[in-house]
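The chain below stands alone and is given in structure tokens; this is the form predicted on its own.
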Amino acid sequence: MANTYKITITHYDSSVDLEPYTKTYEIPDDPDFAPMTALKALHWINRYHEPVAYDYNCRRGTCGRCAIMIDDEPRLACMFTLTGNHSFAPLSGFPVIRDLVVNKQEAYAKFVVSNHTIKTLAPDGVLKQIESEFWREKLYPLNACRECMCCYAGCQALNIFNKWGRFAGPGAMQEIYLRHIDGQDRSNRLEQAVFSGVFECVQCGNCTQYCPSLISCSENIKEMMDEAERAGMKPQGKASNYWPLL
């Protein structure tokens, strides 16, 4: 373990700065902060160097608010333990408010539009009990989504191919998938997935790789893509533009 860490942070304040700039801070491996996580490093910098704008709440990987780019990959700052020199930057694909704080409103809106509330005419007392294995293996991981937006920051369909206007994104797709596999939901969630741009997914696998809740995001999306294609719901002229998972 290093005795000191060098943390390079991307700064930007739209009211003052013309362009983002970086600044490097050296911090000790302070035993009072052990283990030194990225979030604790930001606390240390704010206490002993200068203010840096960042967001957080729970400090234990539950709320998802501390998501930032660490060494060019989306991570939760509270769950990332420092090992040496690192770079911190705002989440990719989101408008920067200041420093490491971004505006997630557009992505949150996609979650809301997904409308994952169960659609059924059956009263609560008539709904069937959920089988324990189905809950444990399929539903529980989906319900563990933190809405941290790490999957959006890593999504190549959104950030390389700029499909923000045509693709609900990997997080919102998990909400649709949640009800698609719910045998008691009466909405056509497969049709909803198609209209939400499921075939815009390029299957890069980054959403699964970066999900701190360990949700199989890209695999779930691929499952809906395959089912929709078998049902004849694939848009005409749409090529198989996904990349096989490695």
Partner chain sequence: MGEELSRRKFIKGSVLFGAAAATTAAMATTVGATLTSCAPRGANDNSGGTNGNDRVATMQFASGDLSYVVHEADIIVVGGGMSGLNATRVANDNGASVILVDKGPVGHSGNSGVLWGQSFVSAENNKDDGVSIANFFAIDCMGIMNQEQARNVGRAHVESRPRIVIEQSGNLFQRDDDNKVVGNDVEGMAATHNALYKQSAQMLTKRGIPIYSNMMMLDILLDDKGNSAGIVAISLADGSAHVFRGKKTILCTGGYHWATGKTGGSPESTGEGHYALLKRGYAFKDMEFPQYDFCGIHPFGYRPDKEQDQIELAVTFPVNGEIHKRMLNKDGVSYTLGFFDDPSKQDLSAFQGALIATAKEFYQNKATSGDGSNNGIYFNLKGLQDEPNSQSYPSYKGLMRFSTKNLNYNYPDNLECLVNEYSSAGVPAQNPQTCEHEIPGLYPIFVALSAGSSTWNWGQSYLAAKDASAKVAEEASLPAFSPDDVQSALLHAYDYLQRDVKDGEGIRSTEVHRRIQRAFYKGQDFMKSEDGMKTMLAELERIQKEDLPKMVCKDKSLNFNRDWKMAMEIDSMLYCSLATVHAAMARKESRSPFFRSDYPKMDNTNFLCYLWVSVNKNGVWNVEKGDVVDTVLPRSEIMRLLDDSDPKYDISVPNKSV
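What you see is a predicted model; the values in this text were computed from it and never measured. Numbering follows the first chain given and starts at 1.
Keep in mind that the form predicted together with the partner chain is missing from the display, and what follows is about it.
- When the partner chain is considered in the predicted bound form, M69 lines it closely, a heavy atom lying within 4.5 Å.
- Taking non-hydrogen atoms only, D13 approaches the partner chain to within 4.5 angstroms in the predicted bound form.
- Not displayed here, the partner chain is kept clear of F167 by more than 4.5 Å at the level of heavy atoms in the predicted bound form.
- When the partner chain is considered in the predicted bound form, F199 lies well away from it, no heavy atom lying within 4.5 Å.
- For the candidate set S187, T62, Q203, S216, a heavy atom within 4.5 Å of the partner chain in the predicted bound form is found for exactly one residue, namely T62.
- Along 138-152, a non-hydrogen atom within 4.5 Å of the partner chain in the predicted bound form is carried by L139, Y140, L142, N143, A144, C145, R146, E147, in order along the sequence.
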